[in-house]
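For reference, the chain that follows is the form predicted alone, supplied as structure tokens.
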């Protein structure tokens, strides 16, 4: 089965090759789990800053672009890319030469063979790969062995419920004995054109629909597993790893999706996080990708766990993940809002706007509260700020640096 998958990516190069990384980055594109803009999620103790980004990165299943992107975006890092497709690696080498990426090394090998490198890594990216392996547990276990004690893995697995329409089409094409010929791809295109608007709504809106290799990967892949929240968590634990958190946590919490005035909101917030995530996946129904990050169980929890329900949270230093603030329109009665695609705008009253404007990567939460000069008592202001920062954290608008860490 591994040979069949390898043959697919030799013929159908995926994802679509990027021809110029400078132009790609200039358009604001980036890797979903890349440390250069997510490092406070992974190392809130400031480890990435202290090392000035001088870390060892493995891109496990790099495809046509990802390893070169990492090397380009992390110039101080040593980046290793592995893939089973020589055709994909050939394009990686094209990008390596075009952009003079001397910090990049490429190897053709199966992900399960990563131990042959004889290397350890601070960060491992495996996005969109593990769900295509014959034995996903073996794959993740091998990656775990290549991860340093304080290292982090950024992973992405397909979401079962959000890909429901895709899996219906996969089953249809399988029953028609379709493989991966040019003629079969033409039939896929013809079939998609026959779908009603309601049927098309069940499919994901994705650029994969726009080119042949994307259609093959989406509808004709020989191995494609979908995961729920529960099966993601079970998978991580079965490999002896610790689940740290979701890359885009807004899909897994009620903030921004459920009105606080409803009974549903109250019931959801009675649940522990793990059960709340499962419930929100069912309520949302459209999560087609689960992106999350994991680490070794031996890693000290004080270096990465965030607690917003005790007094320690006042000494966290919040950093913005969203920079855009839409100014209020007082004549129309429209409040100020935060905006971060694909989320709907998040309204800010005056007190929240004051606090958010104090977030500069230097002020602690305590200082943000004091500088905002809130009108309530100290106890009222504390609880107001706690709930506000909890919402910002759950929505993915801020990350935190743990107190006492020096950059």
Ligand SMILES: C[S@@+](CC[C@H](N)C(=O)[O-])C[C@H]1O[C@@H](n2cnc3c(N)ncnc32)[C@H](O)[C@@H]1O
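Everything numeric here is computed off the predicted structure, so don't read it as measured data. Numbering follows the first chain given and starts at 1.
Not pictured, yet referred to below: the form predicted together with the ligand.
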{"item": "Location of the ligand contact in the predicted complex, chosen stretch of 46-54, 60-68, 357-365, 343-351 [non-hydrogen atom, 4.5 Å]", "value": "60-68"}
{"item": "Non-hydrogen atom within 4.5 angstroms of the ligand in the predicted complex for each of 248, 338 and 393", "value": "no"}
{"item": "Close approach of residue 147 to the ligand in the predicted complex, 4.5 Å, heavy atom", "value": "no"}
{"item": "Partner proximity in the predicted complex: residue 17 to the ligand, non-hydrogen atom cutoff 4.5 Å", "value": "no"}
{"item": "In the predicted complex, residue 315 touching the ligand (heavy atom, 4.5 Å)", "value": "no"}
{"item": "4.5 angstroms heavy atom contact with the ligand in the predicted complex for residue 129", "value": "yes"}
{"item": "84, 95, 106, 215 - the one with a heavy atom within 4.5 Å of the ligand in the predicted complex", "value": "84"}
{"item": "Within 4.5 Å of the ligand in the predicted complex: residues from 94-124 (heavy atom criterion)", "value": "109, 110, 111, 112"}
